[in-house]
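A single chain, nothing else alongside it, follows as structure tokens in the form predicted on its own.
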């Protein structure tokens, strides 16, 4: 591989686009350099180019086999893991006041509920959902409730499974009464109760996979994810969401995201700032 940064960064852009769908424009070169410098030091390389040369050599040797851990680390280093508890508040208000009451009524006979937090990062979003259920919906205690939380990053998932957060992390969005009720202090960190942590099934999952191997979902959180993809990839991901979302289920997107001009099977629920969508009632073809 040529040693100049422009060529190296083109290699990274292509690698990341292929294996995660994330688009890194030239304006992100500063981010690529900063994150690769950190990864290079962590992996014991003397330079970014040495790291990328070794990555390319492994790709050639292994024919891009999934066990290429270095390739995965380069891809994961380029993902954005910004998250917080009850982020933006409005979607969680909608979940509590509109979505869950609706689903409790419509699922009363089967008494089951399936929620997916996609691109969950270090776990604050799925834990927020679990805490909301535990605090406000005691009637669900004898229901079959499954919360699946997925991410591309194995490192983030390892952290999320611990349910362990710093003081700064719990200070971002987590109400003090909830912290006191469901967390315990361990050293400088806060650890969530085991019974809450065990509500969540953390899985490594790539949103580009054609078969997501998920059950039919009542609620999907896909918040602040589509903004990192191009139009074609957004359409592909929304198509995958359609296949796993029940016909009367709910989809949450980030405040800057929309299905408009991407997938006309969805319609926005008219709730201020919630970013909530449902499948149109006339939509019946779930094969695409």
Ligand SMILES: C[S@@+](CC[C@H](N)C(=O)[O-])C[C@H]1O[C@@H](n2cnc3c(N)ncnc32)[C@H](O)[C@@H]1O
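The model shown is predicted, which means the values in this text are computed figures rather than measured ones. Positions refer to the first chain, counted from 1.
In what follows, reference is made to the form predicted in complex with this ligand, a form of this protein that is not presented.
Residue contact with this ligand in the model of the complex: residue 81 places a heavy atom within 4.5 Å of it. Using a 4.5 angstroms limit between non-hydrogen atoms, residue 22 touches this ligand in the model of the complex. For the chain shown alone, residue 225 is a contact residue for this ligand in the model of the complex, at least one non-hydrogen atom being within 4.5 angstroms. The shortest heavy atom separation between residue 205 and this ligand in the model of the complex is within 4.5 Å. Of the listed positions (133, 113, 152, 174), a single one reaches within 4.5 angstroms of this ligand by any non-hydrogen atom in the model of the complex, namely 152. Between the options 119, 192, 199, 170, the residue in contact with this ligand in the model of the complex by a heavy atom within 4.5 angstroms is 119. Residues placing heavy atoms within 4.5 Å of this ligand in the model of the complex fall in a single listed stretch, namely 225-233, out of 241-249, 225-233, 34-42, 259-267.
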